[in-house]
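Single chain ahead, by itself, as structure tokens, in the form predicted on its own.
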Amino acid sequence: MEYWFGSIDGSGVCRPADGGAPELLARVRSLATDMREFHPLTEEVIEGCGIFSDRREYIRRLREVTILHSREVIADAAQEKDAELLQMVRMLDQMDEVINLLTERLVEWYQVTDPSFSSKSRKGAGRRILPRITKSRSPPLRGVAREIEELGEARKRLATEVSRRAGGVIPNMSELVGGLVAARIMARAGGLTSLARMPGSSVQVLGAEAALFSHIRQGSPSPKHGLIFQHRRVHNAPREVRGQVARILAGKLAIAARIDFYRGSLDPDFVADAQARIDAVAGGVQ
């Protein structure tokens, strides 16, 4: 019987495999054990084999091999083509949160220095009033406002780059819903590998997890869409067909993700058919 550290024949004689952890890991990968004839190791067998001085030594060597395996798996995952795009999307989302938080705090600050700035003016102001604040009489207020504006410009450049790279990593999804929305859906799924394994029904509610769990636990209405609501075909669709549009678009996105994952190239025929199907339901909403 072949094991990761060597072999044990029918008479109980152990033969250790040569080499260190890299060689043992290569041996593990080459083993094709028929589980119907596999005999799990026991502590008595390990100690009686004579390869390891004691059980602690056995665990130490096994740990070396498994840690090496984990490092290689992580390195492979980091080199996947969607890895950097995933991090860029997460950075973009966090920049949105930071900009919104800082802008809200800045508006409160500005309201103290300018009594003519009413709460009515503040409503929905956000980034729109940043240019006004940069002209404030308060130097520190002006400085912070300019910093937030620069952060906003950096956020725009990052969003443009995310959209551009999504066209290369997930070309079919990007053609269906645009690079930015496609990249956000992929990031919420945890990567292209996970997304390619999801059914359309799961893609449809990605980003609406809270509403979904509320539906499951408390019986509230089920969510009809999540992140795909950001696409114009969904949020511009008439309310009576919006759920149907979201369902069909999610199904096409699930197929597009599989094409992107397994083939990695644009399929114009699939995209054209999918667009026509969605338009037929949405009534040509753009």
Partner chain sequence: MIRIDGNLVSPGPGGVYNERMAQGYRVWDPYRSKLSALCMLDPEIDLTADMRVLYLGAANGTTVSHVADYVECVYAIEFAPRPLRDLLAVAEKRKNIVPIAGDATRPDRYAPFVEMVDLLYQDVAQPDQAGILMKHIPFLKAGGTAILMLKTRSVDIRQTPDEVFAETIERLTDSGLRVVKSCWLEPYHHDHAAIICVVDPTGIS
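Residue numbers count along the first chain shown, from 1. What you see is a predicted model, and the numbers here were worked out from it, not measured in a lab. The term rigid core refers to the most C-alpha atoms you can superpose between the two forms while keeping them within 1.5 Å.
There is another form of the same protein, the form predicted together with its partner chain; it is not shown, and what comes next is about it.
Trainee: Would you classify H69 as touching its partner chain in the predicted complex, given a 4.5 Å non-hydrogen atom cut-off?
Mentor: It does: once its partner chain is placed as it appears in the predicted complex, H69 has a heavy atom within 4.5 Å of it.
Trainee: I'd like to check something about R239: if you look in the predicted complex, is any of its heavy atoms closer than or equal to 4.5 Å to a heavy atom of its partner chain?
Mentor: R239: no contact with its partner chain in the predicted complex.
Trainee: Consider S53 of the chain shown here, and say whether it contacts its partner chain in the predicted complex, taking contact as heavy atoms within 4.5 Å.
Mentor: No - in the predicted complex, heavy atoms of S53 and its partner chain never come within 4.5 Å of each other.
Trainee: Answer with yes or no whether R232 is in contact with its partner chain in the predicted complex, where contact means some heavy atom within 4.5 Å.
Mentor: No, R232 is distant from the partner.
Trainee: State yes only if every one of E43, F213 and R217 has a non-hydrogen atom within 4.5 Å of its partner chain in the predicted complex; otherwise state no.
Mentor: Every residue of the candidate spot has a heavy atom within 4.5 Å of its partner chain in the predicted complex.
Trainee: Have a look at 242-250, 56-64, 224-232, 255-263 and name the one stretch with heavy atoms inside 4.5 Å of its partner chain in the predicted complex.
Mentor: Partner-contacting stretch among the options: 56-64.
Trainee: Which residues in 1-32 have a heavy atom within 4.5 Å of its partner chain in the predicted complex?
Mentor: Residues within 4.5 Å: E2, Y3, W4, L25, V28, L31.
Trainee: Checking R63 here: with the core superposed, does its CA move 2 Å or more between the shown form and the other one?
Mentor: Comparing forms between the shown form and the other one, the R63 CA shifts at least 2 Å.
Trainee: Hey, does P40 budge by 2 Å or more at the Cα between the shown form and the other one once the core is superposed?
Mentor: Passes the 2 Å threshold, so yes.
Trainee: With both forms fitted on the core, check whether the Cα of P22 differs by 2 Å or more between the shown form and the other one.
Mentor: After core superposition, the C-alpha of P22 moves 2 Å or more between the shown form and the other one.
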